[in-house]
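We give structure tokens for two forms of one protein chain below, kept apart as structure 1 and structure 2.
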Structure 1
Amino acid sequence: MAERARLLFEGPDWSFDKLRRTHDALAEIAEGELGLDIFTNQIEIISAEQMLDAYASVGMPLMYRHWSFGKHFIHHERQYRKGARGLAYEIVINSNPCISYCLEENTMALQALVMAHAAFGHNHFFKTNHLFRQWTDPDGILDYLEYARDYIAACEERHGQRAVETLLDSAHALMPSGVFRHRRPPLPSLREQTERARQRRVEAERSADYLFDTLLRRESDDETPDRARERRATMRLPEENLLYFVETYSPTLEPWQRELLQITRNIAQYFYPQKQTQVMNEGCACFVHFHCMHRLHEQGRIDDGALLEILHNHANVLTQPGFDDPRYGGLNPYALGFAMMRDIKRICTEPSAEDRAWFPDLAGCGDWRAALRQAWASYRDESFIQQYLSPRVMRELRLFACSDTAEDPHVTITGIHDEAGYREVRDTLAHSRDISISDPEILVTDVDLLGDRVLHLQHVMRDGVPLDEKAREATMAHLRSLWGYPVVLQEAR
């Protein structure tokens, strides 16, 4: 009877009282034992339909209207109703307070698992990782999304739904090339955004004509090389953020259209760190929920049945099919991240001679909690793999490196399980997680705003790989629509 009294819950049914008690018990472990630093938690229980709606609107609680979100909702709903796909157990939002959506169909054991995973693991990573600290504004994102939703709705009333959707179609197509990959200023506050939008509307109403077109245009051939260099330097060319450049310099956009482009690129920028930290973020969350659930079981707060259900779902998430398995779709970031987090703990507490050779500063230090917190705060996927991937994890996951070039009719194995091979595997895997290499690099290189106004772009090919022709032409059409004049793209090796 005493043992049963200590249990946080029994059976599959959940209640808000059970959720509250379990959250508080998890907080004791996550914050007290692991030393996690988290935003205040806001846990919401949502239905399957609400979860599908969250999928469609990129997981945010507030979002402007666009036809593509409805299209995504219908696609996910049909797949779910047919049984062709399941639903995520939770969605977590990088905001302050940190909002975690838990599916109402989850059992109580699963609710405990996803709270540990999202409300503590992801929450800590969002708050402490240097990329999220530098590039995102969790205190202001919900206000900004509310402003964006209201502003776009007002634009639809003022300029028509078709005009707004057409502009957003083009902006969405350019979102992958609409981010700064280096330092940027934080998101303006809601008050600053509202005031700037008001000033733009006032300026637009004062202008009877778009003054840009009244400027005396000259022939490009009349421009001297020195003037051309000065002009490019003034516009800070080359520029990697296409949406920013079009928003700033397009000869044809109206003020409200420029504001919509800025909203789109700010949202794209907000999600940019998540693309760079998927392995680390999921690895951190999996490690936290695994540790917390076992500690609750050791303390007698959950029973054997609950732990078995939790481990079953944990194993499903971390499944890594072999390369010759029909289900194989690349390395599972959950599996890789969790394996590396557990390995860091092992290296700190039970190092082998191999570990001491590869990680002399980490091996045997004993304080695995501090080592993990330091790794979670200081790295992104590419640098984390380069720093912490050990030969033992490579062997456990059976990793090897291969070379597959267009000139060679065969795939060549270049890295096996020996000293040189381990380093080759580590370098190859780290290289594959570097989005600065995997994402296309397209730069604005020149435009003469007083001349022909032709926008010149350059794609810097990596490993001789050109852009997909069909996708390139479709995206160029959207860019021409926004720019209003011809756009020329060159491929550079």
Structure 2
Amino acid sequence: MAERARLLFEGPDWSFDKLRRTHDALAEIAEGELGLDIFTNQIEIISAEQMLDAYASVGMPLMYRHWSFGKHFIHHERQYRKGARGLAYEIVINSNPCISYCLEENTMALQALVMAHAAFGHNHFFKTNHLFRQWTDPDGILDYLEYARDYIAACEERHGQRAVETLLDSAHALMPSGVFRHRRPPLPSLREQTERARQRRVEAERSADYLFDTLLRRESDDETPDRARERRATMRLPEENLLYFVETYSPTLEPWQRELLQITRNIAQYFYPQKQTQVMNEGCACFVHFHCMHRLHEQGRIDDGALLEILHNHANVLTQPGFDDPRYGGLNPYALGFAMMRDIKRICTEPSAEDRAWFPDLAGCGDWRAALRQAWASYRDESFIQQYLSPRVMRELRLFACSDTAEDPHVTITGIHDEAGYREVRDTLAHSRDISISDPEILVTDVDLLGDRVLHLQHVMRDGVPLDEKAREATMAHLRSLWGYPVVLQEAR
């Protein structure tokens, strides 16, 4: 009887009572034992339709309106209705309080799993990882999105849906090139930023626009190299953030259009840390839910049935089919992340001779909790893999690296999971997770606002990989419409 009384829940049905009990039990383990640092949780139960809604608006609870979200919604809905794809069990938002959406169809065991995963795992990662701390403003994001939605709705009323849509189309096309990767500007909180933006807009409306038009344009060729260098320096060229540059210097945009560009740019920047930490973020969340669920079971607070159901789902999510398996769809970030996290724990507690050679500081240190917390806080995928990917994980996943040169008739294996190949595999994997390498690097190199106003871009090629031509032309058309004058893109080796 006493045993039963300790159970947090029984059977598949959930209730808010059980949820709260389970949450509190999880909090004891996550905060008490693992030492996680989390934002206050807000757990929201939503229906399948609402989950589909959330999918379409990139997981955010509020978003401005745009046809592309409608397109994604229709696509997801169709996939879901056809049974081709299930829904995510949860969506979690990097905000303070940290909002997790849980699907109402989940069984109680799943809700427990989902809470451990999202409300503690992801939540801790959002709060402590340095990229999120530096680049995102969880306190202000919801306010900012609300402001964005209202502002864009107001623009639609004032300037017409068509005009706003055209501009957003162009802005969306440039969103991946609308983030600061290397430079870090002082980042005031988003709320301050909106306030400042509003004032700036008023000012801009008063002065800037017509100035550009009334200035006498200089005939070309009479510019000295010195002047050109100075001009580039004042505009801080080369500039990697295309949206920022266009927003600031476009000779044709109206103030509201600049504001719209800034909104999309801020949203892109907000999501940029997530793109850079997918493996770690999921690895952290999976590790936390795995640990918490096993602890609950050890304490006798969930029964065998619940644990089995949880493990079943856990295994489903973490499957990594081999490259020649028909189900293969790339490296599974959940599987890789979880394997690495678990391996860090193993290295700390039961290191082998190999581990001692590879990780002299970590091996056998015993305090795996602190080691993990430190890893979660201070890395991003690329550096995390460089630092922590152990030979053992490479062997377990049987990773191998290959190189595919377009002109060659064959693909070359450059390294496998053996003594000679560990470093090659690790480097290649780290590079493939580095957004600033896998996304094309496009820089604004020059523009003469007083001259021909042609925007010069340069694509810095790596390994001789050019831009996809069709997509390049389409995106350039968008950029041209934003800039208002010709845009030239150069492929540089």
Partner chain sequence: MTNFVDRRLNPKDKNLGNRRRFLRRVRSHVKKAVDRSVRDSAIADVETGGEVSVPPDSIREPTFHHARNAGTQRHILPGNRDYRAGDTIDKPPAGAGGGGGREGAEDGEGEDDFVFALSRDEFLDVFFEDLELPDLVKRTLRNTETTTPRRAGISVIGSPGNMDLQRTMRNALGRRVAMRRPSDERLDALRARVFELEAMHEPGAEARAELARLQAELDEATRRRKAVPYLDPLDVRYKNFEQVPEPNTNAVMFCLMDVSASMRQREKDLAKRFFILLHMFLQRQYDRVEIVFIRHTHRASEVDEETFFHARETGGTVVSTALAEMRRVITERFPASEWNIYAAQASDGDNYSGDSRTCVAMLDGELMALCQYFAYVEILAEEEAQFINSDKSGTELWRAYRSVAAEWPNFAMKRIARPGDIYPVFRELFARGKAERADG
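Structure 1 provides the reference sequence; residues are numbered from 1 along it. As the structure is a prediction and not an experimental result, all values here were calculated from the model. Here the rigid core means the biggest group of C-alpha atoms that line up within 1.5 Å when the two forms are laid on top of each other.
Enquirer: Working through the pair one at a time, identify the form predicted in complex with its partner chain and give its number.
Expert: It is the second structure that is the form predicted in complex with its partner chain.
Enquirer: Take the rigid core as the frame of reference and indicate whether the C-alpha of D418 shifts by 2 Å or more between the two structures.
Expert: Yes, the C-alpha moves 2 Å or more.
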